[in-house]
Structure formats: C-alpha cells, structure tokens
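One chain comes next, on its own, written as structure tokens: the form predicted alone.
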Amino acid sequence: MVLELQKPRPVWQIMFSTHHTDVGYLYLVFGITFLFMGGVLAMIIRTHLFFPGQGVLVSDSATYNRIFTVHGLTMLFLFALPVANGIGNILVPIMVRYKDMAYPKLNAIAFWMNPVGAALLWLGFADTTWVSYAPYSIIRAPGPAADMFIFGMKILGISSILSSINFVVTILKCKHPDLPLRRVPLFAWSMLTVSLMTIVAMPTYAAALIMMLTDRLGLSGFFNPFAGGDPIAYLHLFWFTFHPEVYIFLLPAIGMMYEIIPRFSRKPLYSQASGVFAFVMLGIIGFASWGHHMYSTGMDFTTKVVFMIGTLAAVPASGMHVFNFLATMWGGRIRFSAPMKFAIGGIALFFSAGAGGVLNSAMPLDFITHGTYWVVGHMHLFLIGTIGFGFVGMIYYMFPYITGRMYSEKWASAHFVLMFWGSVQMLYTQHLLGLEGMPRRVYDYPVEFTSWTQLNQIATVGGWLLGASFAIFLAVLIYYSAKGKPANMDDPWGIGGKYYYPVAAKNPHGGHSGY
C-alpha cells in the first residue's frame, strides 16, 4: 500500500503537540542535531592530535578541555538519551496498544527541559570534563561555567526521571489487558529496564551535584579536602549512577536490534524469554559493578574482588543477547538492507567492546590500562559501535514510516561502509595507544614518541572517515525525506513473508506519520 503523501504539517503544530509521535519527532530532531554538533567537537579533538606539539585548531589546554567536556556531555546526554526517548515515544505506546503515553503533558514538559539544559551546557562550556571530578570541579574550575554545568545537568536529570516515570507507567499500567507483559516486544522491555534504572540511579547523582554546588558556594565541605571532605565520596556517588548509565545508553540500542533482526531475517525471534531475562539481569548487574572504575583509589582487595565478580556477571547476560541475534539469523533468508547492515555491524562491535570490558574488569590489566587511551577506545566501541550503529539502523528502519518515502540503499550502504571502517580504524588504534601508555584527556604528547604519533594519525584518519559517513547520513536524511520515492507502507524493503510486519498506526493529526 502506497499512501498518498500529504502536505507536511506546520512546525509549530508539532512543537506544541503533546501526542507521543510528535514528541518523539522532537526528541529525534533534537538528538540528531546535537549528534552533529558533538561530532564537530570530536573532529576538532582528533585533528588536533594528528601531530604532537601543534596548536592549529586548539591554541591552549584550557580550550581543549572545554571542547573535550562539552563533546562528552553532548554525545551522552544530548544525543544518546534523546534519540532513545524519541524512538521510545513513537513505538512504546503502539507496542503496548495504548493511545498515547500515560502522561502526555508531562511527556512534553520532559522534552522541553532538554533545550534548557543543553543551552546551559553549551553556553557555559565548562572545562571540568564530563565526569567533573572533585576537588578540581569545586576549587579550581572557573565559574560561572562550572555552575552552569551543574544546573544544566540537574535539569537534564529531572527530565530523564520524568520521562522514565512516564515509560514505566505506560508499559506496566496502560498496556492492553489482553497483552501479557512477557509478550511485550523487547524494545519496550529495554525502555522499561532503563527507565527503572534511571529512577533508581539518577537521584544519587542529583544529590552529588547539590553537594558539589554547596561546596563551591563555601556552605559545605563534602568533597573539599581542605574543609575535611573526601573527594573519593564523589567518585562513589558518581559511578553508582554512571555505571548503570552505561546500560541506560546501551540497552535501547539492543532493543532496536531486536526490532530489526527478526524482520530482515524473515524469521520469528529465537527466544523472547531469554531477551527479557537478559534485560532484567543487566538492569540489576549495572548496580553491582560501579567499583571497577575505582580499583586505583585504595579500596581493599576483597572489595575489588566483589566488584570484579559483579562486572563479569554482565558477560553471560550480554552473551544471551548476542546468541539470540545469531540464532534468529541462523537459517533465515536475510535481506541485507541498510537497517540490517547496521544491526550486524553493531553486534560485531558490541561483542568486541564486551571482550575488552572483560579484560578491564580483571584487576591486573586494569591497573595497566586505567587512565589510558585503552579506556577511550573501549568506551567508544560501546558508544559508537553499539549505540551509534543501533540508533542509525533504527532511524533507517523507521524512515519510510515517518516520512512516507524511501531512502537510497546505495548511499545508505556507503554510509555503513565508511562508518564501520572508520570506527574500527579509530577505536582499535586507540586501544593500541592505551597499551603504548598514552594517557587519556591529554592536550599534547611528546614529539619523541614516534609510535604515538603514528597511531594518532591512523586514528585521526579513521575519525575523518567516520565524520564523512555522517555527512552522507545527514544528506540522505534531508534529501530523501523530501525527494525520495513514495514507500510501500506494507513492505518498504520488499521482504515479504509473514513474520514481523510493522504495526501501522495513523497519526491522529493526519498524514502518514506514525509507525
């Protein structure tokens, strides 16, 4: 069925709507916009490190630290979370067979807090790094940039909590009575898991930010060693929130792959139950392993062993997802359209990132790699290799249902090749830089270290390839949303078969939009 394309609705009508699809579109546009803004900062960082001892793009270390800080904050809180919330807003009510999110007005409020938080982060342009470790963030970080960082993160945290409450109530209380919770699609399960994790984890970081602010105002000394405080206490509060936050970023991308892989394998999902179990286990394990970020802070050996075991417990749960994907594809009549290519690429890099995580959890190796570029490569393998590939694949998957038009498979394939090649070249090389001993968060490195120079140049070229792939992505989104051929809404990719057809839900505001 090819729907007759209608004139797009006015932008203001979408901006002031509370319907879940419209709020989802706002989240997607917001997240993709900041993906490119954060990507520009990443290109500046990598280009600056192409040669040692040069200052062509960044003239001093303070400016470099500001760029580094805002890049990290942007990619985590202004890209990854909004895109997950956007796709969740569009799909979750349909998956649970409800007319909207449980609290539509609260949903819109949660979104509109994001531009406010983003403005504070970007206008402040703090140099604290995204982790804002004490005591620097209390004593030395210049104000008002650090204060704007604190208030910006508070606003974004409140937005996340409000959005999470909405998802939990929608899935648990608003699903259709005939739909058992165990049969709810796995993407909805991923959003339920991360929403519960957010509600538990985020208040801890909110408390840490309040304590940091009162320390900066001289009203307290929680983390200020000169006032009797303990900077290590901030580390515990921070990582208790932000190790679960790793899974909060990651699990929606895994859920998106569960939407894509059965459809393009033309087979039913191998095991719904194991996918649910793995999501729940990762949600619990995420709170049992924050201490592996702190092996070098002086904790006793027994505590380190406990956190090492807690970290390793994530391996079988993550392996369940990988096995589920592979078992679903096994024997299927796979159609290698763009969404499937990105999903498979994401699985490969997810496995690679997980293998590196197993090594990081082992205390002897962690003491070698801690604070080096190995950690940068490992973290970005998750952020780009799994989250990035999952999100991009899902955007291509939803493209015909949102726009009513088809993108170009040729250009989408070019995007995939460049993105996968660039990711592997940049991120694996960063692992090698870590083994060579290059510290993370450095503005410059010695000219005499020729191996560092060579590896940084290889990584930078990979970064340029990655940047070029996203330039193609942006062009595809803009051009084919306006000029693409009308899509067959029943089967946009010509897959056929009886398995995993999308649920078509007409947008009540008119038009073809709605998944």
Partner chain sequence: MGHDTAEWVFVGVVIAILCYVGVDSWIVQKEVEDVPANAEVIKVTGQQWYWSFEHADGTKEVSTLHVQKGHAYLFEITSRDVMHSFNIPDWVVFEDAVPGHTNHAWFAPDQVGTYPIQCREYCGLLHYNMRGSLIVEDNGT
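Residue numbers count along the first chain shown, from 1. Treat the numbers as computed from the prediction; the structure is a model and nothing was measured.
The discussion below concerns the form predicted in complex with the partner chain, not included here.
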Interface check vs the partner chain in the predicted bound form: of S274, S408, S352, S220, the one with a heavy atom inside 4.5 Å is S274
Taking 4.5 Å between heavy atoms as the contact cutoff, choose which of F473, Y27, F34, F68 touches the partner chain in the predicted bound form.
F68
Name the stretch, out of 84-92, 397-405, 149-157, 306-314, where some heavy atom lies within 4.5 Å of the partner chain in the predicted bound form.
306-314
Does the partner chain, in the predicted bound form, lie within 4.5 angstroms of each residue among I139, P364 and W452, using heavy atoms as the measure?
yes
Taking heavy atoms and a 4.5 Å cut-off, does E245 contact the partner chain in the predicted bound form?
no
Considering non-hydrogen atoms and a 4.5 Å limit, does the partner chain approach A134 in the predicted bound form?
yes
Exercise: I368 in contact with the partner chain in the predicted bound form, heavy atom 4.5 Å:
yes
is_contact(D127, the partner chain) in the predicted bound form, heavy atom dist at most 4.5 Å
yes
Taking heavy atoms and a 4.5 Å limit, what residues of 291-330 are near the partner chain in the predicted bound form?
Y295, S296, T297, G298, F301, K304, V305, M308, L312, V315, P316, G319, M320, F323
